[in-house]
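Presented below, as structure tokens, is a lone chain in the form predicted alone.
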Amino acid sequence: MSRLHAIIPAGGAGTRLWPLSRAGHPKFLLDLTGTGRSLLQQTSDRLSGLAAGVHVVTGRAHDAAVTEQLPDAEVLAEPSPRDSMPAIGLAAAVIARRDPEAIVGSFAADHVIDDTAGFTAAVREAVEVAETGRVVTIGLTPVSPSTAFGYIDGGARLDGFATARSVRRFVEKPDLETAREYLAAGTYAWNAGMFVVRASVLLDHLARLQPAMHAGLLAIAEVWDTPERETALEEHWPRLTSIAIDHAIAEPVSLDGGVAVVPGSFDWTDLGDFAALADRTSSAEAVWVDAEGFVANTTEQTVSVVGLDDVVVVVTGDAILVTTRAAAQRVKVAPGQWRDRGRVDLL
């Protein structure tokens, strides 16, 4: 596994977890599960025994905080957010220049996975499949007809591997009826955005599908370890197309039969909103009177809830959020409205 280099794209403000998660201190830097380790640190911990190196791509605003939390990782600071493909492509290009035979794996900074053994087994098989030249994704076994995730349509089993299958197609988030059909079919997996591939193969696909991005990333990587890094970033980074790796590589390559999926049966959550957080963690101390729900409280204030069901209460030093689990996905609207009122201090 020494050829595997783990890439962790760490971006976004986690607005669905506002006001806990802020632009200046987003959720991947937070210990949301009470383990004493941030989500980013937990991700690195899972990968430390699998990878030759951990490479975190993050914004310049978070460069210092990431370095403080992961002093042994390489931190690549991007000048501005350009979505996951430029971030992952940058790290892959830098790694490939140092080690042309490297295999890279991209793993989100905010996933929570308790079954480390199951995760490790899936990554090991993904590396084996990636050695054949395929792009490999780790798909999560669906446990419900969720409409919150994209899906991977698995095809025939691949000879010589324990569980890997070819990928017919990637499917965007479905409606509930379609999600039920996918669950019943038994061949679909949730798309958790985990990809493993030879760095050279990834760059070859980029050269074919996103040639301008490929040229820009190679130009930056060529001088990454020299004093010319900043000059190259200023010249090339703003010109890169802002696009996710799913749309840039995974989807088009799957149509040519070049993508495989390794099913992951381990428990997983991306803590995407307060409903997911409530499922994973215990509520803070509160008084409940004919009421039930979840409280997150970072202050010394007491919380009492009376006569409300399915309520979520979040208290920080400068903000209070009251919502329901059912409306948890809509929390991201709140910080935008505060921004419109000029309260950028709340972001």
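For every residue, the number given is its place in the sequence shown, counted from 1. Keep in mind the model is a prediction, meaning the values are calculated, not measured.
The discussion below concerns the form predicted together with another copy of the chain, not included here.
The chain is drawn here without another copy of the chain; in the predicted bound form, the stretch among 46-54, 61-69, 286-294, 28-36 whose residues come within 4.5 Å of it by any heavy atom is 286-294. In the predicted bound form, no heavy atom of Ala13 sits within 4.5 Å of another copy of the chain. Interface membership of Asp318, defined by any non-hydrogen atom within 4.5 Å of another copy of the chain in the predicted bound form, is confirmed.
Proximity of Val303 to another copy of the chain in the predicted bound form: non-hydrogen atoms within 4.5 Å are present. Looking at Leu346, you'd find a heavy atom of it within 4.5 angstroms of another copy of the chain in the predicted bound form. Taken together, Phe149, Thr269 and Phe274 are entirely out of contact with another copy of the chain in the predicted bound form: none brings a heavy atom within 4.5 Å.
Scanning 120-159 for heavy atoms within 4.5 Å of another copy of the chain in the predicted bound form gives no residues at all.
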